[in-house]
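Encoded as structure tokens, the following chain is the form predicted alone, with no partner shown.
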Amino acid sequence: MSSAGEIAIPDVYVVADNIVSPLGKTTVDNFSALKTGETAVKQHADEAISNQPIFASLFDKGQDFYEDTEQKYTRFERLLIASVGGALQGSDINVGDEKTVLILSSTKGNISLLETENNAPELKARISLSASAKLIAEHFGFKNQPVIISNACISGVLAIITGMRLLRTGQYENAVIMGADVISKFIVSGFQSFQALSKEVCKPFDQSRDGLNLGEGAGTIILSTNKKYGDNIKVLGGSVSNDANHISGPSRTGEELAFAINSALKDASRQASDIDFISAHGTATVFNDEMEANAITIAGLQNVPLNSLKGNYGHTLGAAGLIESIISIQSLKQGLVLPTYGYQENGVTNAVNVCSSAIQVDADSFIKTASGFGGCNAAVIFGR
């Protein structure tokens, strides 16, 4: 909608999507596994990633995602190729069109090469996210230079918002947004240094939560402004903010994430009362869940049904915002909000409406939130 003299902002539709995770190779497989209460998080004793056993959601050792006979791609890139390929199979998007943009979301990319390759200029070039994005763009035949989004744990949600904004400008008609991360010793040791990992399956928002689990996975979502997709779910709006508080500790008040939520609502022309459920970041760390509950309360969403999928997938870093948005789109379509695995008793000061079992809903829209190191926050709204 626009007033006289204003430029109309085009609607942005969800065309297709795909998830590749330890729970399945397609979105359908993943949603089916979640409906039956499955979790991919389990204990792993693998000194290649940790000197001590850890609980995480990892692909089976040796599992491949794409037959790379030329050994051209890393494991990270093969995972992305599998996810993008699955999404493209479910669409009629022309990747060779100059109106189609490719966006890559990741926090660590090929960082594991630091553990296996010699420190040399060639490694510096190969390890860059731009190198991975270029290889994947060439593999599928994208014409435009890819866009890279790497902003800690909001990367996936920020990539969706970036895609939405690029399409709204009219510069592009289609956006293929891919996100992935694979777990390495470098990543695990970082979270261990913060004492942020749980010694069991994590429990978002629960009284006994004590940390997060890491996870591997990839998600791809394809967006378009083409009106032939007019009956599809839309990306209605989104926003980002920053705490400017601490390099690793979140805001204690939640006001900054609440600002992103309220800005996303404004961008989507929605009120808090229009939101039917929340896909929370819900890492199960003591401080992040407390902050997020504060933010949700400040935004007036404390009674809205909420879930976190971290107990099913672990924290998939740059893929998290994509995977969790895609699952929530399925929830919107099927009218089923999934439970928060591991949740039993409220453990945050401002109690929020955490789903401990699946609930049927007649839903029109949901909000996906994310927060990350450096104080970054993001919120995106999907709806009919």
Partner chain sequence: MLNNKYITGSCTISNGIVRKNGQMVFENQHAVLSNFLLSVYQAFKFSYPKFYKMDNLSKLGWLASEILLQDASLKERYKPEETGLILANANSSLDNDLKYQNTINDIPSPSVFVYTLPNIVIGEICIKNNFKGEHAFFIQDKFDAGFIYTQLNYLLDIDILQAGICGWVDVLGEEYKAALFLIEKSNTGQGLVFSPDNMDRIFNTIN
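Given the structure is predicted, the values throughout are model-derived calculations rather than measurements. Positions refer to the first chain, counted from 1.
There is another form of the same protein, the form predicted together with the partner chain; it is not shown, and what comes next is about it.
- Just one of Ile296, Leu79, Ala280, Leu158 comes within 4.5 Å of the partner chain in the predicted bound form, counting any heavy atom, and that one is Leu158.
- This chain lacks the partner; the member of Val95, Val201, Leu135, Leu129 within 4.5 angstroms of the partner chain in the predicted bound form by a non-hydrogen atom is Leu129.
- Although the partner is absent here, Asn288 lies well away from the partner chain in the predicted bound form, with no heavy atom inside 4.5 Å.
- Remark: Asn151 counts among the residues lining the partner chain in the predicted bound form, judged by a heavy atom distance of 4.5 Å or less.
- For Ser273, no non-hydrogen atom is located within 4.5 Å of the partner chain in the predicted bound form, even though that partner is not displayed.
- Using a 4.5 angstroms threshold between heavy atoms, Thr100 stays clear of the partner chain in the predicted bound form.
- Across the proposed site, Lys185, Asn245 and Cys376 without exception bring a heavy atom within 4.5 Å of the partner chain in the predicted bound form.
- Partner contact region in the predicted bound form: 158-166, out of 302-310, 67-75, 158-166, 86-94, criterion any non-hydrogen atom within 4.5 Å of the partner chain.
- The partner is not shown here, but in the predicted bound form the stretch 176-196 reaches within 4.5 angstroms of the partner chain through a heavy atom at Lys185, Phe186, Ile187, Ser189, Gly190, Phe191, Ser193, Phe194.
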